[in-house]
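Take a look at this single chain in structure tokens; it is the form predicted alone.
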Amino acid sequence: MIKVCKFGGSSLANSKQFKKIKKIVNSEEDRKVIIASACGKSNKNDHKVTDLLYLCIAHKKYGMSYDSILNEIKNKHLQIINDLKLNFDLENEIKRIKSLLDKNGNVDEILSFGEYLSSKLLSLYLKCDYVDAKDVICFNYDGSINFEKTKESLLKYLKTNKKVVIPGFYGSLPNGVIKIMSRGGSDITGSIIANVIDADIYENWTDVSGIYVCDPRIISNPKKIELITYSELREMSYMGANVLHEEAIYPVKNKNIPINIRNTNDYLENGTLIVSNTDKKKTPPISGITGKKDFLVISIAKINSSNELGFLKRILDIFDNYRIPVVLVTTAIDSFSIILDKSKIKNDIYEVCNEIKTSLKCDEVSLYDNLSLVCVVGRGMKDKKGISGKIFSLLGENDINIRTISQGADEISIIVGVDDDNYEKTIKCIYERFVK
């Protein structure tokens, strides 16, 4: 059996966390490939190394000194080196970062140093081989992953039975230039590697003991999800649950490799297992409740638009032209509601509304900018009659007005739009009635 283990930033925040990783990795021989994130925060006043690197770049861009920030990065790693008595030339690595900053070097290469440094230190501490991600994670020029070349490159380093440590978050283009992934990309690195080596399981180690039914900041001590499918997790990730990067699902899903979310600080907990399919007999109606605040709704009405060929497409083309992503579309006979993330709209919304009204000759275009979306996810809902009706009745009983409703034919999720002021209340009501 082969296990790929990814450790997040909180698991690499300090020497104490490094010792926990060593205990976990050495407890099972099957844990062959270890993916490391950049060092995270030790406490609420601390800073993530990647954030500090971004800050260095910003200071350089505006002609400000970044020496104190670079010194903070140095001291954070130096503390780990001294505590664990590691033999590592940190001074030279800090000089490399400074040289890249001074020369306005490749930003992606500068940002890759967080994972590079933590992985170097972890490999020394675990006495494992170090494999640089730039040598094994192969991007195409369009930013996609070349799985075939990645597999070919990686297998060269896995011929021995020795464990390896690989940095997450970055790889290289065909010309050798370093390219990073989106934030949280170490999850994706682990997923890609699990795919190309046909791992038996992908363990994602973080600072929580799995995925919870809903946000612990809203519900105190919510139930943990023991088992969930990729499809359900995708729904939850898209709507706000952020334990795992949503792009990390696809590479392992394609090969039916289970993902196990585990807690570095409580390694005996089994965590949450994410799989392709589960036994329907053991499936609860609702697996998770998640959501987000701060959405905006554009309501569009035009008499007889339902008979006008391509009307909805022309609406969506306008958003596409302004590069505004559409979150959700709900429809009636002659009206449409377009739901958008307010943070993605910027200053274009009034121009968009005006263009929709004039170019499509709409009777009415109106805005509502106080919407939250609450998503109820569960593969078992389609086998339990009346779940959606019970949810709507429950919200009505609690004086919560439903502004939008969306449910797909697969019945894996129900999304309701409510006022921002009712966001937490909605989640609490559904949890108390259907989960607790």
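Start at 1 and count along the sequence shown; that's the residue number. Every value quoted in this text rests on a predicted model; they were computed, and no experiment measured them.
This protein has a second form, the form predicted together with a small molecule, left out of what is shown; the following refers to that one.
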Partner-proximal stretch of 36 to 44, 402 to 410, 66 to 74, 375 to 383 relative to the small molecule in the predicted bound form, 4.5 angstroms, heavy atom: 36 to 44
The small molecule in the predicted bound form: contacted by all of T290, K292 and T426, heavy atom 4.5 Å: no
Distance check, S119 to the small molecule in the predicted bound form, heavy atom within 4.5 Å: no
Contact flag, G185 vs the small molecule in the predicted bound form, heavy atom cut 4.5 Å: yes
